[in-house]
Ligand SMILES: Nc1ncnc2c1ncn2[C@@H]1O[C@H](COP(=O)(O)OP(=O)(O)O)[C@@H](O)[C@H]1O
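Taking the form predicted alone, here's one chain by itself in structure tokens.
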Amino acid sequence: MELALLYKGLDRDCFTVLKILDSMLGKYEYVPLEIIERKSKLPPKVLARVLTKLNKIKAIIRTLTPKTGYRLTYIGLDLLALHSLSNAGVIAYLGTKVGMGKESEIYIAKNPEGQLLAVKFYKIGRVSFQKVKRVRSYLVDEANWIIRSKVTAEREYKALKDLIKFTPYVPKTYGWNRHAVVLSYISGIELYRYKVAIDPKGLLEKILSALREAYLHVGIVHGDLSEYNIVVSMEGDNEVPYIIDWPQYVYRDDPNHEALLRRDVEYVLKFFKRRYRVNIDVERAIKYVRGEAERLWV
């Protein structure tokens, strides 16, 4: 069933129970029934109805051993995030799923004014723990996948909120709650599928200028940049690249930042050389991103 339909089918009592399970994530794998009873203060019959309903739509999972308990699922977390974002006036309408990656799902949405937005739900458990350790080093010590997803969403929201002040080549953020980030909806195509560029040199310069602003003014390095997380949008006659997927960023004082910066730049340059026959010296590009050269092209 569509997420929006699930959301419309829930009442206040359902959200009360979901919030309790969410608040207990770091303490219990399965929250004992007696704790839910005590915290919700719902009559036994009402609570039984709510738990049955939430279990049926897979918003929660029940265990009977060693005693009855319940655990929040990603569907339950989705519904909670939507509830909070809706109450805050960030979104007024949720549409269909328009994208799904290894770590996230993206839904189309609208705010109360009818502006088109995207809601990105992080769901980190879809990748192996080894990749999480390699790419998202800030998550290594956190055992709970849902909590990891919340941390990831918060990092992306905060990074983009700062980046948009200095570069137009990242999505604009409109809100964040739990594992969900609300972003500007970008009508475009991923760079790896963008066969013919109108102005490949100009496109490359815009991408590197965004990395430069991130490095010089926000003090961060993307850390996992490639042609798979750059989206190209045609806005009038202009090709506009948007760099997405920022939560794995590292700060300039991180001992690995130089290696990651070099990796980001090399990946992009190799792609532009292979796809568009645009050739630029790696060291020159790195100096430009680091602010050691004022211009990219000699």
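Heads up: residue numbers just count along the shown sequence, starting at 1. Small disclaimer: the values here were computed from a predicted structure and weren't measured.
One more form of this protein, predicted together with the named molecule, exists but is not displayed; see below.
Chemist: Given that the named molecule is left out here, which of 112, 99, 219, 125 has a heavy atom within 4.5 Å of it in the predicted bound form?
Modeler: If I apply the 4.5 Å criterion carefully, the residue I get is 99.
Chemist: Which one, 42, 232, 250, 244, lies within 4.5 Å of the named molecule in the predicted bound form by heavy atoms?
Modeler: The option sitting close enough to the partner is 244.
Chemist: Spot the stretch among 224-232, 161-169, 201-209, 76-84 with residues whose non-hydrogen atoms come within 4.5 Å of the named molecule in the predicted bound form.
Modeler: Flagged stretch: 224-232.
Chemist: Even though the partner isn't displayed, in the predicted bound form is residue 120 close enough to the named molecule, meaning a heavy atom within 4.5 Å?
Modeler: Yes, contact at 4.5 Å.
Chemist: Heavy atom to heavy atom, is residue 157 within 4.5 Å of the named molecule in the predicted bound form?
Modeler: It does not: once the named molecule is placed as it appears in the predicted bound form, residue 157 has no heavy atom within 4.5 Å of it.
Chemist: Is residue 197 close enough to touch the named molecule in the predicted bound form, meaning at least one heavy atom pair within 4.5 Å?
Modeler: Close contact is absent here: in the predicted bound form, residue 197 is far from the named molecule, nothing within 4.5 Å, heavy atoms only.
Chemist: Verify the contact flag for residue 104: yes if a non-hydrogen atom of it lies within 4.5 Å of a non-hydrogen atom of the named molecule in the predicted bound form, no if not.
Modeler: Yes, residue 104 sits close enough to the named molecule in the predicted bound form that at least one of its heavy atoms falls within 4.5 Å.
Chemist: Heavy atom within 4.5 Å of the named molecule in the predicted bound form: which residues of 180-212 meet that condition, in order?
Modeler: Counting only heavy atoms within 4.5 Å of the named molecule in the predicted bound form, the contacting residues of 180-212 are 183, 184, 185, 186, 190.
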